[in-house]
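What follows is a single chain, given as structure tokens, in the form predicted alone.
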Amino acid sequence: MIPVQLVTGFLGAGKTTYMNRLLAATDEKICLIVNELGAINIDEQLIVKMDQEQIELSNGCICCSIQNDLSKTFYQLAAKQETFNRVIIETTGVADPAPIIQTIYYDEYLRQHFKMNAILTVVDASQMDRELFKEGIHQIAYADLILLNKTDLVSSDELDQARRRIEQLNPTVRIVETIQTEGDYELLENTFQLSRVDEQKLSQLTETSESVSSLRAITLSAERPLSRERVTRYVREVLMHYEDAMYRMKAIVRLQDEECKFVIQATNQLMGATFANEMHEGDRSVFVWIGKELDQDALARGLKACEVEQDEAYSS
């Protein structure tokens, strides 16, 4: 399957700067999907051929505009004989990521050809107040990696405040401070696979509940080992209940009779799980839910029901 990376960010945050750096530096053969080809300002030295719908670049990458709808564009890509290492979607500054993610997830044919593997959001450190409107909040809430850009334009206090406001919205997100989108990260990262740094950050979170408008970020934990069957059912039932109102969830789970951590990630109703690094004495399960009007008590009761009691553990 071809991995898909979503690049979001408010107008002027630095998405185009990031895309031009990536297209000039990558060895991968990339298909970049944009709303309007004229908006990206690709370096002319990279361009081999250009027409109204597509730009071919000297490194084998192509850029194409969304024709009619995103689903049709993906169908056209899937039908091509030409293969790509990756598809990158650059959204408009006011785009909600959810419909883009759902385009792939809810189409069985597209799921056989494409998989979402990264959500990157570029945030202008000097314009945080302007970016905390509905779509801007969504873009931060969905992200796995945030480039906090233009850090040279703000004071250290303003930068600290920007980081705190982002972490209010998305406690699990990795924030990289950048100038002209240059910083300590790889241009192409598979952010749907937790790195050790991301895993450590998630496991160290304490129980909290932060609200911004109708959006809530709730962190819950469990000291007892959990049942894999119950946890899987619990997560699926929560995602089904909230549907589009549940933006992201991440969890590191301590399962009964397992030596490795069980890592769960979800976007809307798209859920994935895998075993990660070894558990250690005293490790606990940590769940982070990010969505609209979440019921913290109900989520906590559901998690409690996943715990394995002492008599169950003994009998197994």
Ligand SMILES: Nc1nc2c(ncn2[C@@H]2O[C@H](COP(=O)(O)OP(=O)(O)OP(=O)(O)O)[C@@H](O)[C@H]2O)c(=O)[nH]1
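All of these numbers come straight from a predicted model, not from anything done at the bench. Throughout, we count residues from 1 along the sequence that is shown.
What comes next is about the form predicted together with this ligand, which is not displayed.
- The chain is drawn here without this ligand; in the predicted complex, the stretch among 234-242, 99-107, 150-158, 208-216 whose residues come within 4.5 Å of it by any heavy atom is 150-158.
- Interface residue remark: Asp144 is not counted as part of the site for this ligand in the predicted complex, having no heavy atom within 4.5 Å.
- In the predicted complex, no heavy atom of Gln296 sits within 4.5 Å of this ligand.
- In the predicted complex, none of the heavy atoms of Ala25 sits within 4.5 Å of a heavy atom of this ligand.
- In the predicted complex, Gly302 stays away from this ligand, with no heavy atom inside 4.5 Å.
- Using a 4.5 Å cut-off on any heavy atom, none of the residues of 237-269 reaches this ligand in the predicted complex.
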